[in-house]
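Below you will find one chain, with nothing else, as structure tokens; this is the form predicted on its own, and questions on how it binds or moves follow later.
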């Protein structure tokens, strides 16, 4: 009987309560939206947003059909020319139609992942080094504390100017807009990882350090066998914080710099000012929040797989 009550309680907490919370939220949203009147019309409720999701998907399908027809026309033209001239080398031009809402989602996900990985490659080794070396920590910590609260709005103009000045190429591997967003995301998501990693390393149990000393482990072995496993929970805490920061920073950077992605979609709809713009913006806001949630859950699952302390990955 006690087991069944426990199972029922877990089901209630895991499923029923979130459903109740979401239902109440949707009800309050629907009621309050009817009383908010803007220059573009009534604020969109849940029904209007759902309709826009359907419309956005229809636009995506139509654009993919245009792209497919564009490539088929080129293939037919190349085949016809090769029949007349066997030495003719066919060319396929890239489709230059507008990015759909779903294309922009993929663009934002790719950019934020790249920016986060660049930040992790720099921040985690630096944080480990700072945690192991008190003098280095004293030297670098003030710099971290100064730059940690700097807004992406401040970094973006500087990064844009530097990229424009240094990244000059007739045949660039990646676009300047992508590089600008990537660097801005990396700069802003760097600091939580550095801080949490250094704290995790510096607070390792003294017994573990004594074992390493007794065994006279080489530095690299000490880091691999003792430092990293012991500080994994704090490292992942920093990574989760940084991924959330990276996603928020990216959307702001895309809006301001008009770089391809969800941020640009929101800004374009705001500038468009059509009767559907508010509903489309609200649809984008929901997608942005949902993706942020999924990124956090993905990082949490990764932490559960690699961390020895399963309780640290319970929320």
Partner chain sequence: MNWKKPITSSLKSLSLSIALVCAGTYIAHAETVGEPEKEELKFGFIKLTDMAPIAIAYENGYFEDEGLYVTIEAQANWKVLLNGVIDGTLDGAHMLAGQPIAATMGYGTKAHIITPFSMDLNGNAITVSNDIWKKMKPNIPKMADGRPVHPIKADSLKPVIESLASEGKPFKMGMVFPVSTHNYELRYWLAAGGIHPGYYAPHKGDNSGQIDAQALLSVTPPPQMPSTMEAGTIHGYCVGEPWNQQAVFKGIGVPVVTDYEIWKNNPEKVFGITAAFAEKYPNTTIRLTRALIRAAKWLDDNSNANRPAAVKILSQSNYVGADYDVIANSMTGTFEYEKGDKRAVPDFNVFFRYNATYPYYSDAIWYLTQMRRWGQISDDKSDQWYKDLAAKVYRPDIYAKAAQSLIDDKLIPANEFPDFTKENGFKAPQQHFIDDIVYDGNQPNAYLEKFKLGLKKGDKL
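Everything numeric here is computed off the predicted structure, so don't read it as measured data. Positions refer to the first chain, counted from 1. Each form is matched to the other, and the largest set of C-alpha atoms that superpose within 1.5 Å is called the rigid core.
Absent from the display: the form predicted together with the partner chain. The rest refers to it.
Quick one: is residue 95 in contact with the partner chain in the model of the complex, heavy atoms, 4.5 Å cut-off?
Looking in the model of the complex, residue contacts with the partner chain include residue 95, since a heavy atom lies within 4.5 Å.
Any chance residue 271 has a heavy atom within 4.5 Å of the partner chain in the model of the complex?
Residue 271 belongs to the contact set for the partner chain.
State yes or no: in the model of the complex, is some non-hydrogen atom of residue 258 no more than 4.5 angstroms from a non-hydrogen atom of the partner chain?
Result yes; residue 258 sits at the interface with the partner chain in the model of the complex.
Contact test in the model of the complex: residue 149 vs the partner chain, heavy atoms, 4.5 Å
No, residue 149 sits far enough from the partner chain in the model of the complex that none of its heavy atoms falls within 4.5 Å.
Identify whether the partner chain in the model of the complex is within 4.5 Å of every residue in the set 134, 216 and 293, based on non-hydrogen atoms.
Checked in the model of the complex: no contact with the partner chain for any of the three.
Could you tell me which of 220 to 228, 188 to 196, 202 to 210, 87 to 95 sits within 4.5 Å of the partner chain in the model of the complex, going by non-hydrogen atoms?
In the other structure, the partner sits against 87 to 95.
Of 43, 70, 53, 29, which one comes within 4.5 Å of the partner chain in the model of the complex, counting heavy atoms only?
Checked against the cut-off, the match is 70.
Neighbours of the partner chain in the model of the complex among 186 to 204 [non-hydrogen atom within 4.5 angstroms]
Counting only heavy atoms within 4.5 Å of the partner chain in the model of the complex, no residue of 186 to 204 makes contact.
Hey, does residue 88 budge by 2 Å or more at the Cα between the shown form and the other one once the core is superposed?
After core superposition, the displacement of the residue 88 C-alpha between the shown form and the other one reaches the 2 Å mark, so yes.
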